[in-house]
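Next up: just one chain, as structure tokens, the form predicted on its own.
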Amino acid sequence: MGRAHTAAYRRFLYAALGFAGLLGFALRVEALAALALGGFVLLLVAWRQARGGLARLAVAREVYPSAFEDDAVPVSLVLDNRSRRTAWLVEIRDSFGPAVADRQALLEPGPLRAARRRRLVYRTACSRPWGVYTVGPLTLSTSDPFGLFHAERGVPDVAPFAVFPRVWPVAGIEKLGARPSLSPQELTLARSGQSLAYLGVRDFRPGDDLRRIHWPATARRGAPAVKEHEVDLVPYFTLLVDLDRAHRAGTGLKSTLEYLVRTSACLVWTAATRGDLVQVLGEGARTLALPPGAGTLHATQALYELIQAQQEGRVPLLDLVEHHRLHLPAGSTATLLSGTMFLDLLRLEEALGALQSRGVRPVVVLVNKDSFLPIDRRAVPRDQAAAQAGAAATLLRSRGVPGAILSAEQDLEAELGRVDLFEAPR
């Protein structure tokens, strides 16, 4: 019975009992008067039952705080009756922001005895696109056994819920290989290098990174000393993301931000699931700096950082590369993900040469901003865009750098799944 029907039925009972009471007093029929009085007493008891059952009723939500697009998510609601009263017809309403049908309702008909607990579960799907949403608040309502009266209370249990982009394996990344720093026969030999494994302390040498200074040892020796680490034996993958606001274009699923975030997510997830040590760097409205780490938990943290990124930065991609290239370990792979094809090709060539001279293998992915709906400025003519794409492809081929160009006309999932994705751009 709906709330409107219950209210109408309750009004009918009020009218009927009131009429019976008036008729009993008017005709001096004690039975009618007693019936009316007893009816009103029962209604009062039912009203108190509905209110009393809600007084110390508690509910808590249990849900994993993230999922991928289109994933089915189970949400568990733990209902706890902490009072001495029995609760009847308990209804719990929840709000699940990532779902299009965000209102969820569950009914526990009862009776829920005192000091008892019940667990209710509903399943819903993350049908909205990637982003950070909220789950909650909760609403609790109880009724009397007849369903005549309802009492309701809000539970301010609101929590963030992250929806990650649906990731696809990037087929072309397997052959790139974020290569180990050492050859296999050296795996059991401790050697100084760039890994996180601590090896020891040595005297400072010209060119050493000042961040590696070991201050306690420096104080004891009276001369600068630096920390030494073992050579990194784990494949190392760095993603440098272009979040320059000058490269914003398009809306929704066909935008440069969508392509940058989704491509980044696929690259990071593919590298992490094959065992690479992954780090992500970018400069948007806030700094995107995910330190090196491995495993799916680290990849999940990377996705959480990516879905909060915005194209509001003012640091060009090549400046970002210049700032971080000296800290990339030899033998690793660095992917430059640009929001435009119109990079300064002379500076790009210098940056690629500098990375290669350090033993870092660069990969370049260009998003064709001018294939999307313009926002801040007009799109360049197609012939000019084609000429720039050809010049960029020629540069990458001349330096032996794998690369790809992504545009709005392409299906992103199909493009990232191509085995020959990182061949010379077409």
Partner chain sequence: MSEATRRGDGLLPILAARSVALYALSLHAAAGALMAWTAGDAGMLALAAAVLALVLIIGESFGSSLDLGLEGTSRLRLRVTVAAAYASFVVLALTAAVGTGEARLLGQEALIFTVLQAAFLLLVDLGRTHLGPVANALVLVVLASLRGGVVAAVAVVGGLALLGFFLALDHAARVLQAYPPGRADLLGATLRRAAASLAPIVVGLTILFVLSPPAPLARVRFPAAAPGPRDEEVAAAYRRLVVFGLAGSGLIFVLVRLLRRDRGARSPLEEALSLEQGIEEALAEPPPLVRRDYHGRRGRIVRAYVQVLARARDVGFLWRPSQTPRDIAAHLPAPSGPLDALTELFVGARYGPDEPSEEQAVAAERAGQAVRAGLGRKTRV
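Positions refer to the first chain, counted from 1. It should be emphasised that the depicted structure is a prediction, and the values quoted were computed from it without experimental measurement. Basically, rigid core = biggest C-alpha set you can superpose within 1.5 Å across the two forms.
The same protein also has a form predicted together with the partner chain, omitted here; what follows describes it.
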| message | On the criterion of a non-hydrogen atom at 4.5 angstroms or closer, are G38, W88 and G110 all touching the partner chain in the predicted complex? | response | yes
| query | Looking at the partner-bound form in the predicted complex, is R123 within 4.5 Å of the partner chain by any heavy atom? | reply | yes
| said: Given that the partner chain is not shown alongside this chain, does T300 nevertheless sit within 4.5 Å of it in the predicted complex, heavy atom to heavy atom? | reply: no
| For R93, is any heavy atom within 4.5 Å of the partner chain in the predicted complex, or not? | yes
| said: With a cut-off of 4.5 Å between heavy atoms, is D209 one of the residues that contacts the partner chain in the predicted complex? | reply: no
| Any idea which of 278-286, 96-104, 212-220, 155-163 reaches within 4.5 Å of the partner chain in the predicted complex, heavy atoms considered? | 96-104
| said: Considering non-hydrogen atoms and a 4.5 Å limit, which listed residue (V29, A60, A387, A379) is close to the partner chain in the predicted complex? | reply: V29
| remark: Contact with the partner chain in the predicted complex, heavy atom within 4.5 Å, among S332, S264, T270, N81 goes to N81
| said: Heavy atom within 4.5 Å of the partner chain in the predicted complex: which residues of 240-259 meet that condition, in order? | reply: none
| After superposition on the rigid core, does the Cα atom of L89 shift by at least 2 Å between the shown form and the other one? | yes
| Can a Cα shift of no less than 2 Å be assigned to D70 between the shown form and the other one, given superposition on the rigid core? | no
| Cα displacement of L32 between the shown form and the other one reaching 2 Å, rigid core superposed | yes
